[in-house]
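Presented below, as structure tokens, is a lone chain in the form predicted on its own.
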């Protein structure tokens, strides 16, 4: 067993992604120190590996916000950081919490090549008990595993990849292979009655369409088809952007029923106009995967005595706030706003010296 040490902090923030970093900064602005912990070796969460999707002007994808947040946190001495720290137990202590953290090994290949290590990313060396006046859960989300929708061919049919895999390829400067006929399939893992995932993941339309536009920019001779149920509306600026995309990409309002191996690439089967069966071959098929509750949601519910939130995401409780996508699907910009609200609620809880009211931080 690791040696035991103890530490006091006004607010313990669990999760070092966009929401956790924002919460720590907002608390610091309010004069409240915090301890920010993450189970992995790197801060920044899943967004740390995102690529910029700007062409001539900013695409408002939010990828650049991660670096800005990391730089700001590194300059704030009131924010302590521990990486490779896993919460394993929690007990109420008055209006606050006593949380036990244990060290975690760094997984192989965990450091993204495009994101150098930061001096503040200091791994937990021994078992630590933290006395916190409030806890903010900013543990992010899980991305749906497209292999669970086996009819779409991920992992079976060459040329079928996830949107996340395309993002990694574009971050390194190019499309996989010589893809010239590209199809995007939306709502993989969300709005799906068979899976019991009836909610919309909200961010997938903008994410996939900006990837599609970037792919067209990198390969101007390529043709991109976008299969969808409908398209999210993100506001006035997005509507102008979407109009340009509709002129440049082919939109088909249908969700394919199957993707199989063809002679030269994956073949997509879907219902065309009038419901007539159609098949079309592509060089590359990209599955836009939805957002799911964090894998550890049940463990955190048990640890902190929380009631499950909508669709299995996390909901706040006594002295426990929830920030970002841990509470439900949202964009990077929305996660930043939501995390700032959670930090404000944590400050009110500390000032009152009593549990924060349930549900005061929105979770959808």
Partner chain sequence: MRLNDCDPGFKQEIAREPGGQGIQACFACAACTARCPVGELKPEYDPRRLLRLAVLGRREEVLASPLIWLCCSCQSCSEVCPQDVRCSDVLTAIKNLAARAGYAPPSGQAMARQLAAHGRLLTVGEFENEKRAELGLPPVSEEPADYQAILGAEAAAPRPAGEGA
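Just so it is clear, the model here is predicted, and its values are computed rather than measured. Residue numbers count along the first chain shown, from 1.
There is another form of the same protein, the form predicted in complex with its partner chain; it is not shown, and what comes next is about it.
- With respect to its partner chain in the model of the complex, the three residues 194, 198 and 275 uniformly fall within 4.5 angstroms at the level of their nearest heavy atom.
- Of the candidate stretches 93 to 101, 286 to 294, 122 to 130, 252 to 260, only 252 to 260 has residues with heavy atoms within 4.5 Å of its partner chain in the model of the complex.
- Residue in contact with its partner chain in the model of the complex (any heavy atom within 4.5 Å), chosen from 216, 149, 210, 202: 149.
- Here is the short version: of 237, 89, 229, 243, the single residue with a heavy atom within 4.5 Å of its partner chain in the model of the complex is 229.
- Residue 171 falls outside the set of residues with a heavy atom inside 4.5 Å of its partner chain in the model of the complex.
- Contact between residue 270 and its partner chain in the model of the complex is found at the 4.5 Å heavy atom cutoff.
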